[in-house]
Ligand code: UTP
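Just one chain is shown here, as structure tokens, and it is the form predicted on its own.
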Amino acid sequence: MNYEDFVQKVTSYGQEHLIKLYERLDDNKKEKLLEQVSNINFDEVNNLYALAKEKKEFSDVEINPVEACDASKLSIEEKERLEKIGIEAIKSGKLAVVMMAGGQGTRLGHSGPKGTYDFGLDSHISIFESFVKQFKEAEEKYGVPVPWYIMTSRENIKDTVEFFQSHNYFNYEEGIRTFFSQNELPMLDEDGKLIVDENGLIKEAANGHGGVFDALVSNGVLSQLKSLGIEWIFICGVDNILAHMVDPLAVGFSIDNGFKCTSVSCIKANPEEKVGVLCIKNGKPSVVEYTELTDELRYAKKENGELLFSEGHLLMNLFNVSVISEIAEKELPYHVAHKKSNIVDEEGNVIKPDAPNAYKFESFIFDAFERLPQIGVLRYKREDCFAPIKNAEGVDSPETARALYKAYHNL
């Protein structure tokens, strides 16, 4: 894109503020800004802004609780039978893991990718290394290395790869298959203007964990999985240090019931917990995100006093490879997050807000559930599967996650 095309494009879409900012950049950054603008779908940007201004209504949505299989209530015989099915699939090389690790450890006071964070064990292992230990134990137990694919952001892929290289891939080279990045979307201010960061470039953010499907296809990972004979992909986030990535019960449960997807869950700790809720929405399996849950639904209770909508979605989902391409063919809907973001104004001044002032757009992995006739929900006890590290202190902090991790592993 040349300068004249740039001016015409941003002017026609009401983004003239970029012209003044362009004039302040050096030649290298000017070229990068032109490249960004040439790649942005401005019609999509306008649609995203309209979405940000749209009021979310649940009046035309019927939401019902979802049925779950409580793993703790399975008989010993039934659990062993399902695990045997799963073990056979794992030993046959039919399982792979995709970990979504695009986040930075900024909220934890850590300057690198979140997966490189030392969460405070005496051994000083990082989050990534805690998962490597799990993979090695699985390899020893089942006789095969389970392929591990790590999805990063463009922001942290270089640092992530260098971290693994500096640690000799923790001696799991055969299992760590590849690193790949997800796509990004521009952020907008409250007037629908593209936000410019302190480098003078349009601020973009990863397009949410729902972007994993398109990323698997566009980066050639899905083709590689199929060539390896993989039939099941366990997709999880990096920040839950109790995520069981090689889970024969989940695999066996899925195969035995004919589910193309199984979501691992636990009961919400309380109505206010910041976790999405698995449900049936308009007759389809779905999740209502905690930011979109109305108070009426949040506090609704069964006759026995338990929460009506209590099945927490933990970002631990097992998908059959056969449905990934279908899901990726049609873009998942976007959700809006209202966040604080530093903004550079037309005069080049950095504005640091005290309140949310920007819109970030994300697709969510669970919106893929609605494209399937049914999904399985396998419930575990919270202390056996969920120890997220999200906040520097308090709830879901390194302190709480570390305590759960040490209790589970008898450390």
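Remember, predicted model here, so these are calculated numbers, not experimental data. Start at 1 with the first residue shown and count on from there.
One more form of this protein should be noted, the form predicted together with the named molecule, which is absent from this view; the next part is about it.
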Quiz item: Using heavy atoms and a 4.5 Å limit, would one call S263 a contact residue for the named molecule in the model of the complex?
Solution: no
Exercise. Look up in the model of the complex whether K302 has a non-hydrogen atom within 4.5 angstroms of the named molecule, and give yes or no.
Key: no
Practice problem: Find out whether any non-hydrogen atom of E362 is located within 4.5 angstroms of the named molecule in the model of the complex, and reply yes or no. | Solution: yes
Self-check item: in the model of the complex, V97 touching the named molecule (heavy atom, 4.5 Å)
Solution: no
Quiz prompt | Sole residue of N317, S254, Q182, T116 within 4.5 Å of the named molecule in the model of the complex, by heavy atom | solution = Q182
Quiz prompt | The single option of R107, K133, R81, H338 touching the named molecule in the model of the complex, heavy atom within 4.5 Å | solution = R107
Quiz prompt | Interface segment, criterion being heavy atoms within 4.5 Å of the named molecule in the model of the complex, picked from 70 to 78, 172 to 180, 206 to 214, 187 to 195 | solution = 206 to 214
Quiz prompt | Complete contact of L278, G312 and V377 with the named molecule in the model of the complex (any heavy atom, 4.5 Å) | solution = no
Quiz item: Going through 382 to 405 from first to last, which residues have a non-hydrogen atom within 4.5 Å of the named molecule in the model of the complex?
Solution: K390
